[in-house]
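Below sits a lone chain in structure tokens, taken as the form predicted on its own.
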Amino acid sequence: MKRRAPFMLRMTKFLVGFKLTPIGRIAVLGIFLSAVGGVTVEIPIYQIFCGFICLFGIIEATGIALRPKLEVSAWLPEKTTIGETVTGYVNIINQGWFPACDIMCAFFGMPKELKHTDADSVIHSIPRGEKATLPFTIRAKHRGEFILPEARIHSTFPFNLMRFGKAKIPECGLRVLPTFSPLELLELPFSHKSQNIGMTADTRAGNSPEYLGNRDYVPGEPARRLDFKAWARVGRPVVREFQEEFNSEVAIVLDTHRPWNLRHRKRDHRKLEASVSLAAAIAHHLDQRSIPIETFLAGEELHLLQSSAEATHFESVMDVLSEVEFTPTDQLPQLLPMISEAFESVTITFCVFIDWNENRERFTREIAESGCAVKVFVVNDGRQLSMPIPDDESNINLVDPQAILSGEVREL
């Protein structure tokens, strides 16, 4: 059984966390400082103490008498990106007998990665039975999936020193996606599994022919290609011409292993964020070219992606990237036998590594030996590589993390 906190502790949290506004806390501090005047009436400061007590008594009595009775409902987008603001709306209906004055919205216990930027927004008056909308804006400082705490819709009337009201908005989720700069060019390496990889246009499983038009019949062609309507129109045998399209299935591997190093923690965090941004940019470019991402490996988790009415491959990748963190152990060697079956139909693999070592070299070599084209991006400034990158490897590229985060990387 969970032990209940002491009454005084709960009361203090209620007063500091909700009841008192920031200005009200300053006024309460003035009460404590002027309390020394209560020792004797000969010190004039006791009059300030009595004035504060009377003021808070009047505010409490007025606030309770005019406490608003509100019916609220809220809407907030499910996703946003780092550094961007997302705006939600609270619909408020005044069900009380009196006008609801100075109505505000406040989130208590907001995650430190999120910030309520317009906490001072106020609706000065909502007449009895009327409806009003109060917007609220959230700014995200870090990617991830967060739960916004219950929001209190309250009144600060009069004098904006204390809050009154019990209306709440239920908890809601907000997914913060990584930010990235779109790529203008991404060269696709040649794959032995599909020589027609540059002709990809179909995002469904399997092959599909594309109708190009009509042309004159050549003796010996199959009769099923004859277009009899066009033949009757032009007066000579005409056939339909098709072009076969081949799906080029692509995999993206995002390696997030990094040994714990307190000294370089900030630098390693920057590398991780740059790697996530680069993986997002690659996925976005492939999506723009209608090339499906069938497999996505991030850290210790392998994701087999399928398009649906709710989300595309790119959206699924972004959802995964929003929660990627460092992995303390190197799982890449153990994952290779497990993903061999998933990579059987993959023609191109893009690998985004933070470091280059023997395990990464063995991983890329075994994928290449299976007939899959591999292109590697090592997100590192070159000063902390476990082993040097071979000069004769054209498909291994060293990318500066700062250049990725500043949006300078546009071609890969």
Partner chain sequence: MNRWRMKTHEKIPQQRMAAVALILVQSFTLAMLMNSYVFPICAAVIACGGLLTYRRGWSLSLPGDRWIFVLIAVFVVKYSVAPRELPFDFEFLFSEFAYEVSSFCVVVELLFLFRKENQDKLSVSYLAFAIMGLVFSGNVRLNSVRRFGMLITVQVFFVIWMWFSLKSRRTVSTSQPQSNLWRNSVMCGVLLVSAIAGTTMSTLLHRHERTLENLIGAYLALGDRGQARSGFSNRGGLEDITNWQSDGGDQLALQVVSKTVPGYLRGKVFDEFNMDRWLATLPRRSLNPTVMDHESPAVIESDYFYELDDEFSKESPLMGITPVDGETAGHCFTPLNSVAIRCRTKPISVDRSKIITRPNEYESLSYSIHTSHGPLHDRDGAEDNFLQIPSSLDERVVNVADSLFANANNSHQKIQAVSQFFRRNFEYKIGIDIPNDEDRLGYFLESRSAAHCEYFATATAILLRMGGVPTRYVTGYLVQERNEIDKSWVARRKDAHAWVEAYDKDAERWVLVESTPSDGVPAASQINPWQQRREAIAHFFRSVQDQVKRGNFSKAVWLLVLPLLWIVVAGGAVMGMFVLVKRKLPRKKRPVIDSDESHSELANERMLMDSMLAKIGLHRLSNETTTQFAERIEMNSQLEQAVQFSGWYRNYSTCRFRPEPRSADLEELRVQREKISRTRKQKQLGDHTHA
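Since the model is a prediction, treat every value here as computed from it, not as a measurement. Residue numbers count along the first chain shown, from 1.
Separately, the form predicted together with its partner chain exists; it is not shown, and the next lines address it.
Asker: Identify which of 66, 378, 367, 348 has a heavy atom within 4.5 Å of its partner chain in the predicted bound form; exactly one of them does.
Answerer: Contact residue from the list: 66.
Asker: By the heavy atom within 4.5 Å rule, which residue out of 70, 59, 374, 354 makes contact with its partner chain in the predicted bound form?
Answerer: Contact residue from the list: 59.
Asker: So, 127, 130 and 134: all three within 4.5 Å of its partner chain in the predicted bound form by heavy atoms, or not?
Answerer: Checked in the predicted bound form: all three residues contact its partner chain.
Asker: Does at least one non-hydrogen atom of residue 22 fall within 4.5 angstroms of its partner chain in the predicted bound form?
Answerer: Answer yes; at least one heavy atom of residue 22 falls within 4.5 Å of its partner chain in the predicted bound form.
Asker: Is residue 101 a contact residue for its partner chain in the predicted bound form, using a 4.5 Å heavy atom cut-off?
Answerer: Yes, contact at 4.5 Å.
Asker: Residue 314 near its partner chain in the predicted bound form, any heavy atom under 4.5 Å?
Answerer: Flag for residue 314 set to no.
Asker: Does residue 47 reach its partner chain in the predicted bound form, with heavy atoms at most 4.5 Å apart?
Answerer: The answer is yes: residue 47 has a heavy atom within 4.5 Å of its partner chain.
Asker: Specify the contacting stretch among 330-338, 154-162, 281-289, 178-186, defined as having any heavy atom within 4.5 Å of its partner chain in the predicted bound form.
Answerer: Heavy atoms within 4.5 Å of its partner chain in the predicted bound form occur in 154-162.
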